[in-house]
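Below you'll find only one chain, the form predicted alone, shown as C-alpha cells.
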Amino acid sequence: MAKIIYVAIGNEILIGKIINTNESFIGTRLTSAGIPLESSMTIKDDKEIIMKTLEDCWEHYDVVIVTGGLGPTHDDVTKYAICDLFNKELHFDSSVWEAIQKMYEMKDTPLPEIVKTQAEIPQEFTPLPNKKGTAPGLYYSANNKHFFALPGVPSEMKSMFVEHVIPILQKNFSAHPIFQKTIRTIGIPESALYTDTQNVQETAQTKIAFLPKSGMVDIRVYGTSEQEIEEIITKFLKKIPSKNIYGFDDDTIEELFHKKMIASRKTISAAESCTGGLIQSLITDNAGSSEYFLGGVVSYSNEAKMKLLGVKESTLEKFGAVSEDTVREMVLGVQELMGCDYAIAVSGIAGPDGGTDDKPVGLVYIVTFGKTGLVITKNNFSGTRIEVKMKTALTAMHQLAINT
C-alpha cells in the first residue's frame, strides 16, 4: 500500500487564525479511494523549513501532498523551496498564462503584473489547472514516487484534488477501499450512548469510533467489509432510540428539517428569545425555505413577549420568562400572529451570567407544535453562550422534525 503524507504550509494555521479543513477533505477522499493517508503535519511559511521537511518526506514516503504557499506575494515561498529541493529552474508556461488572462477577462477586472509569476512552473513539473484561482497545482513524478503541490484555498484545492490527484494515484497504486457509515445522534451524551451500546463490538476488520461534538455524537463504523459494517450498524439501531437519531453520514439537522417541511406542505413560524433569531437564520439558510417559512419574532425582552406574542404579564410574573408556561404562550402567540400550521418557541438562559439555583445557565424550554400537537421539553445545555444557542436551535428543529 502506498505511503502518503500530507503537509500543510501556513502561518495562519499554526497561530490558530484559520482551521485547516483541507486535511479533513484530503483524508476523507483518499480513504474513500482506498489509498488512505499515513501521516500529516503543518509547518510555517519558511523556505528553509519547507525544503528540509519536504526533503525528508520525499525520502520516506511514496506520495507527498502539499497545500499552501503558491500565491504571488512575498510570503508565498513553497514553489521556490520546491525548486531548490528538486534542483529545478522556473520556466514560463504560456498555457498557464493564457488561462490566467482568460479568468481575469471573464471577471472584467484589471490583471496585476505580479500575477504573471503564477505562470512560472518548475522544470519537468506538470501544471494542474486551477478552475477557481490563478495558482496552478504542481505535479512531479520520479522513481515511482509522486509529489503534488496544491493551493491552500479550499475551493481551489478541492476540485483540483478530485479531478487530478485522485485519478493519478488510482492509476499508479492498488486501492484497498475503506467503507464507512455514520449514525448521527442528538440528545444523548457520549458516555450514556457508549454505555447503552457497549455490547456492540468491533471486529478485526471493522472499527467503531464515537465522535462527540456540540450537543451531538456521531458513531462511525468503518472497515474493509461492507457487509460487516451494515451488520454492526443494524445492532446500533436496535440499541439507540429512534428519536435521538437525526440522520446518517453527511446528513445535517438543517437539511433534514428543510426536506421534511417541504414534504409536509405545511407552514411554520418561530418565536425566539435566548437564540436571538438563530433558528430563523438556520431555516432560511436553505434555498426554497420560503415555501414553508412565513416569518418569526425575536422577543428578547418581556415587553416584546407581551406586546408581540400576547404572553400574559401574570404568566411572566408568576413563572418567569424561562418557563414552560411562557414558551407555551409564545408558540400559541406566534401561530396566531403569523397564521402558520406549525411553530417553534424557545426561551432560556444562554449565560455566562443570569443563572440561579432554580434556573441555572443552560436551562432552556423548547416548545414545538407539529402534526400531533404541542411538545414541550426542559433542557439543560452545557457550554459557552454560543454553544448553548446552537444546541437550542438544532434541538428545536429536530424536535419539530420528529413531529412533522
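Residues carry their position along the shown sequence, with the first being 1. Just so it is clear, the structure is predicted and the values come from calculations on it, not from any experiment.
Although not depicted, the form predicted in complex with a further copy of the same chain is the subject of the following passage.
S.K.: Which listed residue (Lys102, Lys131, Lys307, Lys318) meets the criterion of a heavy atom within 4.5 Å of a further copy of the same chain in the model of the complex?
M.R.: By the 4.5 Å criterion, the partner-contacting residue is Lys307.
S.K.: Heavy atom within 4.5 Å of a further copy of the same chain in the model of the complex: which of Lys171, Lys238, His74, Arg265?
M.R.: Of the candidates Lys171, Lys238, His74, Arg265, His74 is the one lying within 4.5 Å of a further copy of the same chain in the model of the complex.
S.K.: Picking from 89-97, 318-326, 116-124, 220-228, which part of the chain touches a further copy of the same chain in the model of the complex when contact means heavy atoms within 4.5 Å?
M.R.: Going by heavy atoms within 4.5 Å, the stretch is 220-228.
S.K.: Is Leu363 one of the residues lying within 4.5 Å of a further copy of the same chain in the model of the complex, judged by heavy atom distances?
M.R.: Outside the cut-off, so no.
S.K.: Is there a heavy atom of Asp45 lying 4.5 Å or less from a heavy atom of a further copy of the same chain in the model of the complex?
M.R.: Yes, Asp45 lies within 4.5 Å of a further copy of the same chain in the model of the complex.
S.K.: Applying a 4.5 Å heavy atom distance criterion, does Leu54 contact a further copy of the same chain in the model of the complex?
M.R.: No.
S.K.: Given that a further copy of the same chain is not shown alongside this chain, does Glu313 nevertheless sit within 4.5 Å of it in the model of the complex, heavy atom to heavy atom?
M.R.: Looking in the model of the complex, residue contacts with a further copy of the same chain do not include Glu313, since no heavy atom lies within 4.5 Å.
S.K.: Do any residues of 267-284 have a non-hydrogen atom within 4.5 angstroms of a further copy of the same chain in the model of the complex? If so, which ones, in sequence order?
M.R.: Stretch hits, in order: Thr275, Gly276, Gly277, Leu278, Gln280, Ser281, Thr284.
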